[in-house]
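Only one chain is included here, represented as structure tokens and corresponding to the form predicted on its own.
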């Protein structure tokens, strides 16, 4: 049985006890990937930020809130994993100070100092050994067109020591369908047709399993 770690959903970076920084990720793609993997007989460890997706039956969920919590849980889960798929939309920054209670708006201006969050998928890639690590790159073609988008994704693939990176355009956020492009460490590229996130997830699991030593198939007992 292959053990697959999946990260999913957004993170929340609290400014005070009420307000936080986050993003529009629904977590649907990550949960679809977890469901597709467990349906094929794999063990799935799902580390997920706040979301409203139902947990697929058979998936082992570790619910987290912040990027730092997700980092800690992902590293711990990775010790038992053969594959890691980083789908989570992790906040790049967190407030330098978390205030207690609720900050007053009495001031005319408020300065928000930010600190960088850990790069979770890079941490996993850096310690993967013979394991397979796959990342997601949410990119926009607004800067440099499609070529610029692919160039940025390829740089992430190399710098984070990934076996594959999945390009997901901004229009896929909260959408029913997605049109993914797969970039492999060996230089291959595969552009998938537009399909539901559940269909994309099933196909992606097949591609990821083929990257394991010996090219394990999609089905396992």
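All of these numbers come straight from a predicted model, not from anything done at the bench. Positions refer to the first chain, counted from 1.
Here the subject shifts to the form predicted together with cytidine-5'-monophosphate (C5P), a form of this protein not shown in this document.
Here the chain stands alone, but in the predicted complex its contact with cytidine-5'-monophosphate (C5P), taken as any heavy atom within 4.5 Å, falls in 153-161 among 49-57, 153-161, 190-198, 35-43. cytidine-5'-monophosphate (C5P) in the predicted complex comes within 4.5 Å of no heavy atom belonging to residue 95. In the predicted complex, residue 135 approaches cytidine-5'-monophosphate (C5P) with a heavy atom inside 4.5 Å. Among residues of the shown chain, residue 83 is not one whose heavy atoms approach cytidine-5'-monophosphate (C5P) to within 4.5 Å in the predicted complex.
For the chain shown alone, residue 72 is not a contact residue for cytidine-5'-monophosphate (C5P) in the predicted complex, no non-hydrogen atom being within 4.5 angstroms.
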